[in-house]
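One chain is shown next in structure tokens, namely the form predicted alone.
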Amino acid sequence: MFAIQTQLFEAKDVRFGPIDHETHPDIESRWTHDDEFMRQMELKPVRPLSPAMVKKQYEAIEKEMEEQRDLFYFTIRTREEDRFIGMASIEYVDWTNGNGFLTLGIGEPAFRRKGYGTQALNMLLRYAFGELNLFRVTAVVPAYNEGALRLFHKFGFVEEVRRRKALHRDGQFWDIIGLGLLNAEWQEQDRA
């Protein structure tokens, strides 16, 4: 459990923020042209998006957040420069059973593998369990995304489902792995 004075939307190097409709579509459009990043983030076929297409996605996200109330979407920004470097979300929230699905990605290549994802996941879990009071969260990851698997395991996620050879990429079939973490398991961990 974390103390009430713990910053909910800030970590050492990153913070969560809202969508900026003026500057973010150009940045995220660039990320959609990075097939390595997109194939780590998406299970469906990927394609490059124009800034206008990204802006429409943002509008749909905000509409769902307002109307359905089952999606919580955050931009990941550096604290020092307030630079947009990624995104994080809790989606498909099932309030009756206290379940949600997590997604997280650092789109800006220069900021990958530097601990920003770890800080963002810690904030996302604090929000899911401490603010939303969810019972459990799930992350779905392709087996080839070894970095994401290491990150989720580091936070105590347990492999619960393995859909064998369920994803086809570059002439090869890959497993899709469902990982879960319970609120009680998260609370047992050191939350320093």
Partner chain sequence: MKDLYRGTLVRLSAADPEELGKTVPAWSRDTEFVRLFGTGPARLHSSRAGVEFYKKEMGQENPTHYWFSIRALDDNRLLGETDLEIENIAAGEAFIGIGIYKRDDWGKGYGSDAMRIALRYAFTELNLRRVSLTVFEYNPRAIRSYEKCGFQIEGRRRAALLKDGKRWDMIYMGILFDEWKELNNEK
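Positions refer to the first chain, counted from 1. Keep in mind it's a predicted model, so treat the numbers as computed, not measured.
The same protein also has a form predicted together with the partner chain, omitted here; what follows describes it.
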At 4.5 Å between heavy atoms, is Y144 in contact with the partner chain in the model of the complex?
no
Would H168 show up as a contact with the partner chain in the model of the complex if we use heavy atoms at 4.5 Å?
yes
Would you please decide whether E160 lies within 4.5 angstroms of the partner chain in the model of the complex, comparing each non-hydrogen atom pair?
yes
I'd like to know whether R164 contacts the partner chain in the model of the complex, with contact meaning heavy atoms within 4.5 angstroms.
yes
Please identify, from 120 to 128, 58 to 66, 23 to 31, 134 to 142, the stretch that has a heavy atom within 4.5 Å of the partner chain in the model of the complex.
134 to 142
All of K44, N97 and F173 within 4.5 Å of the partner chain in the model of the complex, heavy atom check
yes
